[in-house]
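A lone chain, given as structure tokens: the form predicted alone.
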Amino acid sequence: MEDIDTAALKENFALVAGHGPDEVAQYFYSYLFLRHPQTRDMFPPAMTKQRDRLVGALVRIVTNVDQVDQLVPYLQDLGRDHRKFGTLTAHYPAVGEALLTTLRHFSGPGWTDKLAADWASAYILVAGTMSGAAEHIAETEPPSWDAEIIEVDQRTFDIAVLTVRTEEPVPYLAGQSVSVEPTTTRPREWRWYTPANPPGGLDIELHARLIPGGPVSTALVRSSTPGDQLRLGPPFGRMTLDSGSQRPLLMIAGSTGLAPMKAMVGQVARDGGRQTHLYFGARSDREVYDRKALAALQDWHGWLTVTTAVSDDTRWPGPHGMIGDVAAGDGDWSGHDVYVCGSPAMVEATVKRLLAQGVQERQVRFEEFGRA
């Protein structure tokens, strides 16, 4: 990357993105499908969500284009994940052609030969990292795993806990996510979910919350029945336990962001236990959807403390407030490893609050699905 003017790439991408993410993504996919129609079957019939994902991924790549330690692991995960679509190394030139054509179109007179050469070089590095990771993992793992829904536990009208079963264990780490395709009801539509149990078995617990307009969450929460078929993509993410650390743990979860915390608590138990504070936040008493399981975990593990807080329901007898504020107000967490999962707004506010109170950035782990 030292031969590429990364500052110019960032400036140019900001100019292009200023035309609007929908317009940029629509141009990209229109060009790709017209020039390379064989790629169309890799994508869902409705492209609205896919356009958001494209722009989100580009933002993350360009933002970290000069931070190799941040960018490379993300690209490797992205390359491994794209195998589930049937993506092959031979498809990358077509995507690169569509990307450079889109950038040139929206750059106007600002497009130069040097800028074109730098974008082309950067894309070669990105594509090489992604395809290399995909080719390497193909030697040992399938591109996806078939699964069957065994049980649907409708906790609230908009939250369901599903138990799904695979024929062989999916090799995720506690805290990692897998993408889920409801092949029975919404084929070629995918959404990330994090298993709520530690790895190693055939049964996986998924916590699904209904997202307005979300095809996958709607299918899982409203339409799923035992026997429905799913497809699970490769594990993704860095929000995993630090095997080299013995610091106590602080886990802060909003809504179904509880799932990875339960998986990590299960992994900590397997590893012999470690002082762990788990904070779970919801908007109302109704949305405290997993209270029995949380109570049982605290009863089983003497090293685990669970605090549940509600932000918008005066009937709740326990702590009130945003869960990040409740946790931050309860003590000094600068000596802890910290894990945060919830909505993008919740994660951002919580991490900022903890950093301001002296927690070091290297001690905090979270996933950026809102951007990725």
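Numbering starts at 1 and runs along the sequence shown. Throughout, rigid core stands for the largest set of C-alpha atoms superposing within 1.5 Å between the two forms. Computed from a predicted structure; not experimentally measured.
Just so you know, the form predicted in complex with a small molecule exists too; it's not on screen, but the next bit is about it.
Participant: Where, among 34 to 42, 326 to 334, 309 to 317, 65 to 73, do residues come within 4.5 Å of the small molecule in the predicted bound form by heavy atom distance?
Facilitator: Careful reading of the contacts points to 34 to 42.
Participant: Using heavy atoms only and a 4.5 Å cut-off, determine which of Ala127, Leu100, Leu294, Val161 is in contact with the small molecule in the predicted bound form.
Facilitator: Checked against the cut-off, the match is Ala127.
Participant: Which residue, His82, Arg274, Arg231, Arg155, is the contact with the small molecule in the predicted bound form, using a 4.5 Å heavy atom cutoff?
Facilitator: Contact residue from the list: His82.
Participant: Identify whether the small molecule in the predicted bound form is within 4.5 Å of every residue in the set Arg51, Ile61 and Trp192, based on non-hydrogen atoms.
Facilitator: The answer is yes; Arg51, Ile61 and Trp192 each reach the small molecule.
Participant: Determine whether any heavy atom of Thr87 comes within 4.5 Å of a heavy atom of the small molecule in the predicted bound form, and answer yes or no.
Facilitator: Output for Thr87 is yes: heavy atoms within 4.5 Å of the small molecule.
Participant: Closest heavy atom of His301 to the small molecule in the predicted bound form, within 4.5 Å or not?
Facilitator: Taking the distances in the predicted bound form, the answer for His301 is no, it never comes within 4.5 Å of the small molecule.
Participant: Since only the chain is shown here, I'm wondering whether Trp145 would be in contact with the small molecule in the predicted bound form (any heavy atom pair within 4.5 Å).
Facilitator: Result no; Trp145 lies far from the small molecule in the predicted bound form.
Participant: With the cut-off set at 4.5 Å between non-hydrogen atoms, does Phe106 touch the small molecule in the predicted bound form?
Facilitator: No, Phe106 stays farther than 4.5 Å from the small molecule in the predicted bound form.
Participant: Would you say Pro319 moves between this form and the one not shown, meaning its CA shifts by 2 Å or more once the core is fitted?
Facilitator: Shift of 2 Å or more: no.
Participant: Would Val359 count as moving between this form and the one not shown, using a Cα shift of 2 angstroms or more after superposing the core as the test?
Facilitator: After core superposition, the displacement of the Val359 C-alpha between this form and the one not shown stays below 2 Å, so no.
Participant: With both forms fit on the core, has Gln38 moved 2 Å or more by CA between this form and the one not shown?
Facilitator: Indeed, Gln38 is displaced by 2 Å or more.
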